[in-house]
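Next comes just one chain, in structure tokens: the form predicted on its own.
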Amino acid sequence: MKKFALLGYPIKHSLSPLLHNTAFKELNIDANYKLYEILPENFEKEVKKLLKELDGFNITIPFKERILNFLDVIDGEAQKIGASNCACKKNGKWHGYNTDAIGFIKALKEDINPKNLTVFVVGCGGAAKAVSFALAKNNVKKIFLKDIDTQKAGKLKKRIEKFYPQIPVFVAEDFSGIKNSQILINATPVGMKEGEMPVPAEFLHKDLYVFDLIYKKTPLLKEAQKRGLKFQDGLKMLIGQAQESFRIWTGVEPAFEIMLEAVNR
């Protein structure tokens, strides 16, 4: 039996085992997918152990950047982004990929084409990197980056400009840039708990589309709904990146509907 997993912290809430194990069963693949919740201080020790045991894995918060140091070959897109959320063992070597970018843009484009639009991204971690690069690749007009760590935002700005010099990128000191944006993206964990808002409600204007990477109706999305705005949570992105990860591991892409049905059930 092939062994796959999700590594991260905290991850007890994750739907990934449900998605992948449903697809393995549906496609008669002898494989299993588990959760490995790893404390940040134990990351190095645990990863070295798991690299010997697993055939492939996903990586989530807060390890999407740290994992790069443990992989042998990093795919061009993941290299550009500077974060990996998917790894696969091939001929004894570990290859790293970024399927977040693919999952995100596929989900976003079902609702809105970001071409020539201004986007405000909250958070500058591993997921935000994937999102920002996917947006730049799809020719957005302008990107605002907001993070409590302005150095982190500055590094991401430089990274995007290196590969997409034609896209203007700004580090936002406050949320005022949302007023001139058509898309708002929350790429932070703020909103997993009730009552948490990554952005003050007064910045949600009538022409704004809101995308929250958290896959439930967060306080931000409830507020967007209350104001009559179009919005999306992170479920379709989660399924999209899972489909691509599954394809990398097995050579077969499971149907979106099968994974969605498993979640709904």
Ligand code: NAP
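Residue positions are given as counts along the sequence shown, with the first one as 1. Every value quoted in this text rests on a predicted model; they were computed, and no experiment measured them.
There is also a form predicted together with this ligand; it is not shown, and the following applies to it.
Colleague: Quick one: of 117, 112, 192, 73, which gets a non-hydrogen atom within 4.5 angstroms of this ligand in the predicted bound form?
Modeller: Selected residue: 192.
Colleague: Which of these residues, 135, 86, 78, 187, gets a heavy atom within 4.5 Å of this ligand in the predicted bound form?
Modeller: The option sitting close enough to the partner is 187.
Colleague: Can you tell me which of 162-170, 118-126, 90-98, 176-184 lies within 4.5 Å of this ligand in the predicted bound form, counting heavy atoms only?
Modeller: Of the stretches listed, the one contacting the partner is 118-126.
Colleague: Taking this ligand as it sits in the predicted bound form, is residue 50 near enough to touch it, meaning that at least one heavy atom pair lies within 4.5 angstroms?
Modeller: Although this ligand is absent here, residue 50 would stay clear of it in the predicted bound form, with no heavy atoms inside 4.5 Å.
Colleague: Considering non-hydrogen atoms and a 4.5 Å limit, does this ligand approach residue 215 in the predicted bound form?
Modeller: Yes, contact at 4.5 Å.
Colleague: Taking any heavy atom pair closer than or equal to 4.5 Å as contact, tell me whether residue 152 reaches this ligand in the predicted bound form.
Modeller: Residue 152: contacts this ligand in the predicted bound form.
Colleague: Give a yes/no on whether residue 229 approaches this ligand to within 4.5 Å in the predicted bound form, heavy atoms considered.
Modeller: Because no heavy atom of residue 229 falls inside 4.5 Å of this ligand in the predicted bound form, the answer is no.
Colleague: Taking this ligand in the predicted bound form, which residues of 50-76 have any heavy atom within 4.5 Å of it?
Modeller: In sequence order, 61, 64 come within 4.5 Å of the partner.
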